[in-house]
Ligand SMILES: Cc1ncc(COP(=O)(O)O)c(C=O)c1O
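There is one chain below, alone, in structure tokens, taken in the form predicted alone.
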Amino acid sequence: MHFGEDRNAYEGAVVPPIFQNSLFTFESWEAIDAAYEDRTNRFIYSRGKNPTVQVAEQKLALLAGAEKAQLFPSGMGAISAAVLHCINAGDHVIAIKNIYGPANNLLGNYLTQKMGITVTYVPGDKLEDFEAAICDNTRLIYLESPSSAVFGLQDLEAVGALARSRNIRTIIDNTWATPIFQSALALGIDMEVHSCSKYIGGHSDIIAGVVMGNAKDIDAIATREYAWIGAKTAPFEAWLILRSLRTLPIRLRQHQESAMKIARFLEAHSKIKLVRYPGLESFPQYALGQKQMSGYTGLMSFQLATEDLEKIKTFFNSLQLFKIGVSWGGHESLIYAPAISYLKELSLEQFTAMGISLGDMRISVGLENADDLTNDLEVALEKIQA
């Protein structure tokens, strides 16, 4: 709540101010020369360090148990910088199959063409699959736990130990759980990335990302990928993150409570074939989730008990409180069907191979009344004719 703030320097202001300036001036040659000697920690130009951004970074690092954090203007900016930091041309990367779509395109398309890297995709639920995929030039294992669409978990402690034994770096997209519910760095992962647009922001009014890890990695990213690509975080977005961090634990408790009620309702409904939510005892990896997570957030998916597209659309379009949208983690409840975007990029066979179907729905349970949300789903489900 208060870490990193210096109210004496802010004239006692209870909320840190927005330093909306592009540069910082110095009294002498010697002063600016000294600043350049420590440019990763000194304020010179706001494309580098900025006081408002720094306070947000310090709080995020503390929350994750990291030595340092570096904010980016989007989650993909953070992912791209972290990946580029770990690999060189011709390297081999191991990634789980169901990672965030743009991250998958970065690894499997863009970097394979531009840098000649190779990627091996594994389901992620068995340590042996990671071990079998390791090559002499493997330099990175990229994780996302829980994963996109199917919410599969990876044993972070085991994968981290395997990677360290082979001198391989590890990155996890920890956006779903947040550092509140999953301490990935403490489990042995080298760096974690987040889309701050999701739970960390929490109000659907921020686009930002963050990379967190040890000081050596983060300073190198700040000096190279962050500075050279020009991926500056605006002071105002950092200030909004500061606002959001004050309520993050409270919001997550409510997301979890409501999501559990809705997951159990869906699991018992005759028109639902399957619910994918790590907090349910029926989830195949429930024991692993209990081992490495301290809680569960509000994003889940479920499969309707029909493949009839017209019936699926009827359900989808009948919802009132669940708004249609692609993101998640905000105060509002959302629904999205992976088939809408995936089938524009993949064949039906590729789509099916991901373990999802036309009837798969992804919902983000927001902060509305849980009974109202359950009723909204019930009414829409009843419109699916047998």
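None of these values were measured; they are calculated from a predicted model. Note that residue numbering follows the sequence shown and begins at 1.
This next part talks about the form predicted together with the named molecule, which is not shown.
The named molecule: the contacting residue among T170, S80, S197, T233 in the predicted complex [heavy atom, 4.5 Å]: Comparing distances to the named molecule in the predicted complex, the residue within 4.5 Å is S197.
The unique member of Q254, Q285, Q292, S74 whose heavy atoms fall within 4.5 Å of the named molecule in the predicted complex: Spelling it out, the residue with a heavy atom inside the cut-off is S74.
Candidate stretches 203-211, 263-271, 132-140, 158-166 - the one whose heavy atoms come within 4.5 Å of the named molecule in the predicted complex: Going through the listed ranges, the match is 203-211.
F151, Y277 and S364 each touching the named molecule in the predicted complex (heavy atom, 4.5 Å): No, none of the three is in contact.
F316 within 4.5 Å of the named molecule in the predicted complex, heavy atoms: Judged by the heavy-atom cut-off of 4.5 Å, F316 is well away from the named molecule in the predicted complex.
Touches the named molecule in the predicted complex: Y121 (any heavy atom, 4.5 Å): So Y121 does not count as contacting the named molecule.
Distance check, F181 to the named molecule in the predicted complex, heavy atom within 4.5 Å: Although the named molecule is absent here, F181 would stay clear of it in the predicted complex, with no heavy atoms inside 4.5 Å.
Close approach of W239 to the named molecule in the predicted complex, 4.5 Å, heavy atom: Answer no; every heavy atom of W239 is more than 4.5 Å from the named molecule in the predicted complex.
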